[in-house]
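There is one chain below, alone, in structure tokens, taken in the form predicted on its own.
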Amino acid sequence: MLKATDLMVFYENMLALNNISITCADKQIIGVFGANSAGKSTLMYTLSGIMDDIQKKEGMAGGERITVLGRIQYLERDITDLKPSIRAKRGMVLCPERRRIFNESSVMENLRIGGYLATKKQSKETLDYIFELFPPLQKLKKRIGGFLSGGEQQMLAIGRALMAQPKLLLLDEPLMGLSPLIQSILVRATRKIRDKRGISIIVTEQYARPVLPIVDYAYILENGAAVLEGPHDEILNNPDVRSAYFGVSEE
């Protein structure tokens, strides 16, 4: 599905990603965990191609110089130099951190915007699925996005990403700032998306506790580098991970 090799991103003199390699197989859920500024969002921007747009805009504005190195393969093709729009058309879809819905548009308008790549048949079927996955959105179709709660906005952001017909869904910190109850709902929904739709998922989070139980493989980032990686059970039982990301000390 996806294989990224030796990714490095420099912001002027700061190293944001340091020689990271990450793999996501078909129908896998991959977790990427790390503290603030560990490089999680930079990784997601690089995989989705948005980093290339940021790089070009900064260059045109005479701003921060950004250098991106490494290779990305997706569906057995090299996409390192492809625009983010082409990556999206091929099924790699990013649901960015902090939701970033269209606050002045309704729930249905947000979802329809997300479905611009889909056929009418796909749009109808996916809409039905989204309302099944997130029942609160069914009753909020006409609600303006800016008047939704944080949890409802995150449901909408994920729904909008699903409307784009992803084969690989990139979820960047979907649980940020949400209550434990809403986090549980979103984690269960993430697993259902993989199990019911067969969509591969890469999800980043600062805190591993809610997400780690559903991932097949995990990477731990610190200062832009992958300091630890392994399958679910190996990471879950690692005392350093339990202490740092679960708040459980080993006596």
Ligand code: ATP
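This one's a predicted model, so the numbers in the text were calculated from it and none came from an experiment. All residue numbers are counted from 1 along the displayed sequence.
This protein has a second form, the form predicted in complex with the ligand, left out of what is shown; the following refers to that one.
J.: Within a 4.5 Å heavy atom cut-off, is Leu47 in contact with the ligand in the predicted complex?
T.: Flag for Leu47 set to no.
J.: Can you work out whether Ser37 and the ligand are in contact in the predicted complex, taking contact to mean some heavy atom pair no more than 4.5 Å apart?
T.: Yes, contact at 4.5 Å.
J.: Does any part of Glu109 reach within 4.5 Å of the ligand in the predicted complex? Heavy atoms only, please.
T.: Because no heavy atom of Glu109 falls inside 4.5 Å of the ligand in the predicted complex, the answer is no.
J.: Hey, in the predicted complex, is Glu173 touching the ligand, heavy atoms inside 4.5 Å?
T.: Result yes; Glu173 sits at the interface with the ligand in the predicted complex.
J.: Would Ile113, Glu125 and Gln165 all count as contacting the ligand in the predicted complex, using a 4.5 Å heavy atom cut-off?
T.: No, the whole trio is out of contact, none within 4.5 Å by any heavy atom.
J.: Pick from Gln183, Thr190, Thr42, Ser200: which has a non-hydrogen atom within 4.5 Å of the ligand in the predicted complex?
T.: Exactly one listed residue reaches within 4.5 Å, namely Thr42.
J.: Consider the chain as shown here, without its partner, and state which of Glu64, Asp53, Glu222, Asp216 has a heavy atom within 4.5 Å of the ligand in the predicted complex.
T.: Of the candidates Glu64, Asp53, Glu222, Asp216, Glu64 is the one lying within 4.5 Å of the ligand in the predicted complex.
J.: Only counting heavy atoms and a 4.5 Å limit, does any residue of 92 to 123 reach the ligand in the predicted complex, and if so which ones?
T.: Stretch hits: a single one, Glu97.
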